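Take a look at this single chain, the form predicted alone, given in structure tokens.
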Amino acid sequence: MESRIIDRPSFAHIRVDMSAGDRLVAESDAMASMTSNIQLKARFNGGLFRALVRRLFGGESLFVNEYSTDGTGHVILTQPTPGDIECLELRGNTLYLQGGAFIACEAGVKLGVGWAGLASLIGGEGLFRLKVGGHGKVWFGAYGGIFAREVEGEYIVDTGHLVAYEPSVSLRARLSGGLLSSFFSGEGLVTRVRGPGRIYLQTRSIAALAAWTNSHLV
């Protein structure tokens, strides 16, 4: 299986070239097009109970689609919002993804749900986050560009901009400054990220876009 991310960073999508025996798992609405010899099978990922947990607590679809072929072909995958897509190769390690970020993975990657904590809930990201682990490639996307940062001490991230992070990273929700500064600066709550570990950030925020759009509606 070979893959490449095309049209980064504004309108990124994934082309996955598959051969006989390859299996690809993707979100139920991620497929944009595919060759006619690719077989698609919708299923609960990990069984009904785990799929329900990921749906209720991880913000992901109840079903996932599994793609396979007896010959050669390709699948084009995309995400609902314009923005970038990142591909990581997992080698037995784990990564946490915020709800809606997951797009696809190879068959050796397992999807689960992990506890995110009150900081994530206060920051508007929910009490749980999607956990990906195992062996193989995983693709995740964001609204806007994606960039990585190594965090050793403490780093401040505005709510809605954190896309993914390693398990060694901890999160705390705090005011951006004093009470008056936090209120009048427009920043409000921020997430204080403490390392060591790597985090992935998005340059745009869906919540900020929704707030801007609502303010211009008549």
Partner chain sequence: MGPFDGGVFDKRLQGGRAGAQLTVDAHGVHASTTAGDTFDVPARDCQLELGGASGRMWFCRTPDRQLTIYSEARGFAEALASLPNLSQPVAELRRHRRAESRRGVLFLLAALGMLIALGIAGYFGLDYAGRAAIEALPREADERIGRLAINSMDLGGPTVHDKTVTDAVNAIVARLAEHAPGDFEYQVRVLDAETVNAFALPGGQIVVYTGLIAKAEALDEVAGVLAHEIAHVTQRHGLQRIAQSLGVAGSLELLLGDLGGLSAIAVELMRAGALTSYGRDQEREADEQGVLTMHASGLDADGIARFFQKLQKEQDEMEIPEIFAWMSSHPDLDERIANVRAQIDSLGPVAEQPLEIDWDAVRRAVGPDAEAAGSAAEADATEKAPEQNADSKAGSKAKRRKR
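On a predicted model such as this, the values are computed, not experimentally measured, just so you know. Residue numbers count along the first chain shown, from 1.
A second form of this protein, the form predicted together with the partner chain, is not displayed here; the remarks below concern that form.
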Taking the partner chain in the model of the complex as the reference, which of 169, 31, 157, 38 has a non-hydrogen atom within 4.5 Å?
169
Heavy atom of residue 96 within 4.5 Å of the partner chain in the model of the complex:
yes
Would you please decide whether residue 198 lies within 4.5 angstroms of the partner chain in the model of the complex, comparing each non-hydrogen atom pair?
yes
The partner chain contact at residue 165 in the model of the complex, heavy atom, 4.5 Å:
yes
Can you check whether residue 70 is within 4.5 Å of the partner chain in the model of the complex, heavy atom basis?
no
Heavy atoms, 4.5 Å, the partner chain in the model of the complex: which of 101 to 109, 87 to 95, 136 to 144, 73 to 81 makes the cut? Say which one.
87 to 95
